[in-house]
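Only one chain is given next, in C-alpha cells, and it is the form predicted on its own.
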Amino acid sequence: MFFRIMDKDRLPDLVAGLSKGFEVIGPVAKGERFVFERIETPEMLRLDYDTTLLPPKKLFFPPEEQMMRFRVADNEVVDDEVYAAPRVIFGLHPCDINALMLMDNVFLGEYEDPYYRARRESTMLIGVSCKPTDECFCNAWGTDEVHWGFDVFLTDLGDRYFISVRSVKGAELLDEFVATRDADESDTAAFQQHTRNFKNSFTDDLDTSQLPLLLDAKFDDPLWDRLGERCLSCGACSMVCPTCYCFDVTDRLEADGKTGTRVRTWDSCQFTQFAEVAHGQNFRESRASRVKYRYYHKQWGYLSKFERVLCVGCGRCARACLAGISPREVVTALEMGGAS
C-alpha cells in the first residue's frame, strides 16, 4: 500500500473520469437520508453522508434476482448467465467494507456463489472516512478502520484527501483520471491526527471482549423472552443489515406454463415461517427463540467458524427496529446480568 494526496476540488475530475469507463455508484441524498445509487453527475455524490438506508450488499446480493430461466417440458435450463458490468462503488465507509469481507467468507467460501462472485470481480471499491453517529458502535468490533478489502481509500483532511492505495487497479485509476501528489511529512502528521481525533470521537465504549462467554452462560436467560415480547417479527433488522445473507428460492411459472424462472429473494430469521418445515413443524415458533437465534448466530456461531463476529456496528438495525431493540442494548443487558 502507498499514499497520495488529492486536493478536494479535484474530486469531480475523478468522478467524471471514472464515469467514462465504469458505472459509478455512490451515496446520494434521498429526502433526509442517503442511498447507494448510480452517480450521473459528480454533484450527486455525497461523501458527507452518515449512513445509507440499505447497505452496499444489495449491489452484490440483490434483494431479488433471477438465477435462471428454464423449460418445463424437459427441465432444461435456458439461461443462467450473470452479466456484471465494470463498476466502481465510491464512498464506502470502513464498516461496510468490512461487512463485504464477512460476506465473502460465506459466498466465496466452500460453496462458491457464481452470481455474487461475478459482481464482486467486476467491482472496484473506493472507501471514504466517516464520523460516528449516535447509533453506530463499530469501534466495539474493530471495524471503525480498514486496512485491506478496497482499491482506494480517501481520508478527509479538510482541503485535501489523504489517499491510501491498496491495489494496482486503484493506482491506475488515479494516474489516469486525476492529479495527485506524494504525501509529505505534514500530510502524514495531519492523517495521524485525524485518526486520533476519530478514535476519540467515540463517546460510548461498548465492551464486547467477554461476549462469547456471556452468551454461553445466558442461553436460557429471561432476557430473550423480554426481547421476544417486544419484537414484531418484521425482519427490518435483517433487511438493513450489511452482513445478513439468508435467502429463499422460488420457481415462478410463466402464464403459458411452458417456461419459468428461478428467483432468489432476501429472507429473515425473524420471519414466522423461516424455520417451518413439512407438516407445519416450526423449530423457532416463538419470537423469543428467533431473536435469540439472530444474536447467537452473529455473535457466536459465525465467530466459531470464521473467528470474527457477523456484526460491524453500523447501527442500521437500531435505526430500523420499530421496537427499539439494538445490539448495544442486548450486549449491555448481558454484561449487567441479563434478566436474572
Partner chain sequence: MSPLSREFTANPYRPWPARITSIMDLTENEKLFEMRIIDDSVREAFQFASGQFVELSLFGVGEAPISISSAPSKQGFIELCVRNAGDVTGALHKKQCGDIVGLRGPFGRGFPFKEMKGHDMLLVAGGLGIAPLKSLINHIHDDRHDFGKVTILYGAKNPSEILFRYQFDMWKHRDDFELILTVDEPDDTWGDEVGRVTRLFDMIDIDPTNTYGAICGPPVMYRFVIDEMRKKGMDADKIYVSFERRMKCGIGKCGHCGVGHQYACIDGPVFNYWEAMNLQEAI
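Residue numbers count along the first chain shown, from 1. None of the values given here were measured: they were computed from a predicted structure.
Omitted here: the form predicted together with its partner chain. The next part is about that form.
Not displayed here, its partner chain is approached by Gln281 to within 4.5 Å at the level of heavy atoms in the predicted bound form. In the predicted bound form, His297 approaches its partner chain with a heavy atom inside 4.5 Å. In the predicted bound form, no heavy atom of Arg160 sits within 4.5 Å of its partner chain. Not displayed here, its partner chain is approached by Tyr293 to within 4.5 Å at the level of heavy atoms in the predicted bound form. In summary, among the residues Leu232, Leu206, Ala179, Val72, the only one with a non-hydrogen atom within 4.5 Å of its partner chain in the predicted bound form is Val72. This chain lacks the partner; the member of Gly228, Gly142, Pro114, Pro212 within 4.5 angstroms of its partner chain in the predicted bound form by a non-hydrogen atom is Pro114. Contact with its partner chain in the predicted bound form, defined as any heavy atom within 4.5 Å, is confined among 44-52, 282-290, 28-36, 311-319 to 282-290. When contacts are defined as a non-hydrogen atom within 4.5 Å, all of Met67, Asp80 and Val249 contact its partner chain in the predicted bound form.
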